[in-house]
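Okay, so here's just one chain, in structure tokens, the form predicted on its own.
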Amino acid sequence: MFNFCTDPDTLPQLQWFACYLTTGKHMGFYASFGTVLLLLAITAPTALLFGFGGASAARARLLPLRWFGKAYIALVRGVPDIAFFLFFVIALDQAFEWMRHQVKCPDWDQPVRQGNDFVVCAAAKMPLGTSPQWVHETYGFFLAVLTFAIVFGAFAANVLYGAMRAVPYAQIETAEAYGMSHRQTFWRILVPQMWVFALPGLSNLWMVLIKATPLLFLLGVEDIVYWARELGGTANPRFTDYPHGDWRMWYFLALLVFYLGFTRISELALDRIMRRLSHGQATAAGEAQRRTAGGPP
């Protein structure tokens, strides 16, 4: 905070706003934008990894593995996101605590389920009650990342499964005719060529993931939506040095600008990736590039 902010009531309006926008709570608000970007940076590759695993399992030769992949895609995609987030985070947290309970408290003689309560020994709590605040926040963020990755991984699996099927089968047969094993054909022929078919669906999924980040608020993470509601609500002069009316509209307008700008940057980046992947491919985009370059039709 600036040095002239010691007595906000006597400040000119411009200086008052400068002091108001540099309070500790506003620093938390600015840091929450980094939280959202960090979530996207970790969740996107993790969800893609889940998706690749689910798509590979869905087309596996082993029947139980194929059933597992298709069940993962169907079940997660069939449950509303909000319901899954609210249920799965609690279930995941209790699963972690139950596993720790089995290891750390083997002599526990009471049932874990006591009516509607889930009771484990103190040593099995995740995180421990004596842990510092940053450990609790990191654990909550970890649960959020894992939940997002599982949900959007199922959608990515469906996209990648369709992209794998879109690769011309004649190329697979040709590779096998040349003596390639099933694994070699998968990694050298199928996987490199599927991305050009998968990118439109993955691009749309990335946009949906960006718009889904406000769900962090439901998971107890202090994200930009939390701070917008916290800071934008009416501030009573009895409890703050910077009283104001209901300013939530302005804070959410700032979030609107942030999301629109971020999605526009994403569109430009994804278009560039799509042009690069389409180069030399037997797709409509690849044919358009050849015509533009003056190559043979």
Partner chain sequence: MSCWQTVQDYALRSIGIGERLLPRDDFTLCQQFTLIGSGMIWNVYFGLLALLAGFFLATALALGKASPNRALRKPAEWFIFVFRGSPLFIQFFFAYFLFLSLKGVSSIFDPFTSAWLGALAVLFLNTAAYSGEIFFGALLSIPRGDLEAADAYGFSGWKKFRKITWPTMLRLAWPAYTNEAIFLFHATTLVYFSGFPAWRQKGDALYYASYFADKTFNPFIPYPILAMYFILVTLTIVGVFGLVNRHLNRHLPAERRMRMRVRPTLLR
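Numbering follows the first chain given and starts at 1. None of these values were measured; they are calculated from a predicted model.
Not pictured, yet referred to below: the form predicted together with its partner chain.
Engineer: Since exactly one of Arg188, Lys104, Arg77, His182 fits, which has a heavy atom within 4.5 Å of its partner chain in the predicted complex?
Structural biologist: Selected residue: Arg77.
Engineer: By the heavy atom within 4.5 Å rule, which residue out of Leu86, Ala122, Met99, Val135 makes contact with its partner chain in the predicted complex?
Structural biologist: That would be Leu86.
Engineer: Does Phe52 make contact with its partner chain in the predicted complex, using a 4.5 Å heavy atom cut-off?
Structural biologist: Residue-level check for Phe52: no, no contact with its partner chain.
Engineer: I'd like to know whether Arg272 contacts its partner chain in the predicted complex, with contact meaning heavy atoms within 4.5 angstroms.
Structural biologist: Heavy-atom contact with its partner chain at 4.5 Å: absent for Arg272.
Engineer: With the partner left out of view, is Asn204 within 4.5 angstroms of its partner chain in the predicted complex by any non-hydrogen atom?
Structural biologist: Output for Asn204 is yes: heavy atoms within 4.5 Å of its partner chain.
Engineer: Does at least one non-hydrogen atom of Met249 fall within 4.5 angstroms of its partner chain in the predicted complex?
Structural biologist: Looking in the predicted complex, residue contacts with its partner chain include Met249, since a heavy atom lies within 4.5 Å.
Engineer: Can you tell me which of 77 to 85, 167 to 175, 138 to 146, 190 to 198 lies within 4.5 Å of its partner chain in the predicted complex, counting heavy atoms only?
Structural biologist: Correct option: 77 to 85.
Engineer: Go through 201 to 233 residue by residue and record those having a heavy atom within 4.5 Å of its partner chain in the predicted complex; state none if no residue qualifies.
Structural biologist: Counting only heavy atoms within 4.5 Å of its partner chain in the predicted complex, the contacting residues of 201 to 233 are Asn204, Leu205, Val208, Lys211, Pro214, Leu215, Phe217, Leu218, Val225, Arg229.
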